[in-house]
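Heads up, the chain below is alone and in the form predicted on its own; it's given as structure tokens.
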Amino acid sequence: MKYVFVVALVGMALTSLWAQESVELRVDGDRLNRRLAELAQYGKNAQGGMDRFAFSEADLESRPYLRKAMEEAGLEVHSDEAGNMIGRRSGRNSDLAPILIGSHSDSVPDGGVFDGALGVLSAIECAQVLYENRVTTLHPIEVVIFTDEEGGLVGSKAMLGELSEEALREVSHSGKTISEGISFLGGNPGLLENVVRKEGDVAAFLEIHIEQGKILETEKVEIGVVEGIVGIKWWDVTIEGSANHAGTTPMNMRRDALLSAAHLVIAVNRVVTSMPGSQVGTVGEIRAEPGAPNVIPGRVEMSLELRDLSESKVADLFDLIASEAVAIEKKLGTKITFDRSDTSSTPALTDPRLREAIAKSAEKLGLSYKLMPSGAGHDAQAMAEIAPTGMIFIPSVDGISHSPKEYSSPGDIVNGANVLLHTILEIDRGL
């Protein structure tokens, strides 16, 4: 009995000491920001932006650098058949599923330095802090660098078993098909079944990312706790009127398809802004035919995009817009048709426990935070299908992203990485 009591005391002391040490752990901000600058040299263009798009020479050349950084963090590194780079650190209980952290290292053409790279290098930095301080988590830790996020979540979809043969035939920004690109990086598109993870294979997934908007900066909030990644619905809209001579057709006798389109664009804005919430609606493309300055447009093709965390709200918004279209048809004598696109995506909500862990970590570090949606897609959107998922945002200066002007301050980068570090520790204890 005395032996059991002593063991219990020792265990409590070690747990208390580990908890105290974990509270004091911080990332090495100088190292993290230096690595961001170093990684930015791979694919850097004359404008100061990134051409490190997936399957490019710059993508391939950056991989030894990233592998070295992962190895310095004490991770055992391998690349899977989809080209994803994964570094693993064992936990105290090898039977537990790993906590997966990471993002992507590819960019859009002429993109920014921080998109994706922040999540990759912050994950490596967190692993290195644990390694250097000899903190062994209960769960194994895996750092993942997903392949070709910008081209359609290729690496994370492969991990779900959702990378179709059709997707593999698509041509990427590199000029290679996705299949050719995966092979170029050392993967094997014929063995993608080896990459698949099912529900339960991952204890949790965490991703840190720049906001790519200006809400945090405008509201002077340091950390965004992402509620979820919005679903996106697209429609191709056709408006049919009557082409006619612009000089000989009186204004009251026209069936102007472009005028109807203008009314519809205003209606979309009015409907979307009439509801409370963070939903957005966009008409980003309009083509008028026949497209001559002296001809009344007889046909217009335009796009409609709606985004929100709630699929039902998107459906309600569309129904209201469609009602507005009926009124426009009657008023202007045109016909409006909506064709739903098959490329729409569904919302991906983050896990409430992980949101709470991120908020708790921010509070512990004395950082302000707010709950907010992500209006852009991320690998977290895919991983939410198989694992509890959490996402951390840091401010983007002027809300600029996918541009050489993309910027987040060194201080905000360090804040976000520290929140990631303590969230890992928090969920390791709580899952």
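Heads up: residue numbers just count along the shown sequence, starting at 1. Just so you know, these numbers come straight off a predicted model, no measurement behind them.
Below, we refer to the form predicted together with a further copy of the same chain, which is not included among the displayed structures.
- Only one of the listed residues (Gly241, Pro98, Gly151, Gly213) places a non-hydrogen atom within 4.5 angstroms of a further copy of the same chain in the predicted complex, and that residue is Gly213.
- Only one of Val171, Ala327, Ile266, Ala315 comes within 4.5 Å of a further copy of the same chain in the predicted complex through a heavy atom, and that residue is Ile266.
- Contact annotation for Phe184: none of its heavy atoms lies within 4.5 Å of a further copy of the same chain in the predicted complex.
- In the predicted complex, a further copy of the same chain lies farther than 4.5 Å from every heavy atom of Asn188.
- When contacts are judged by a 4.5 Å heavy atom cut-off, Arg307 counts as touching a further copy of the same chain in the predicted complex.
- a further copy of the same chain is not shown here, and in the predicted complex it never comes within 4.5 Å of any heavy atom of Glu76.
- The candidate site formed by Ile86, Arg88 and Asn133 is entirely out of contact with a further copy of the same chain in the predicted complex, as no residue has a non-hydrogen atom within 4.5 angstroms of it.
- Heavy atoms within 4.5 Å of a further copy of the same chain in the predicted complex belong, among the stretches 197 to 205, 138 to 146, 282 to 290, 173 to 181, to residues of 282 to 290.
- Residues of 256 to 278 placing a heavy atom within 4.5 Å of a further copy of the same chain in the predicted complex, in sequence order: Leu258, Leu259, Ala262, His263, Val265, Ile266, Asn269, Val272, Thr273.
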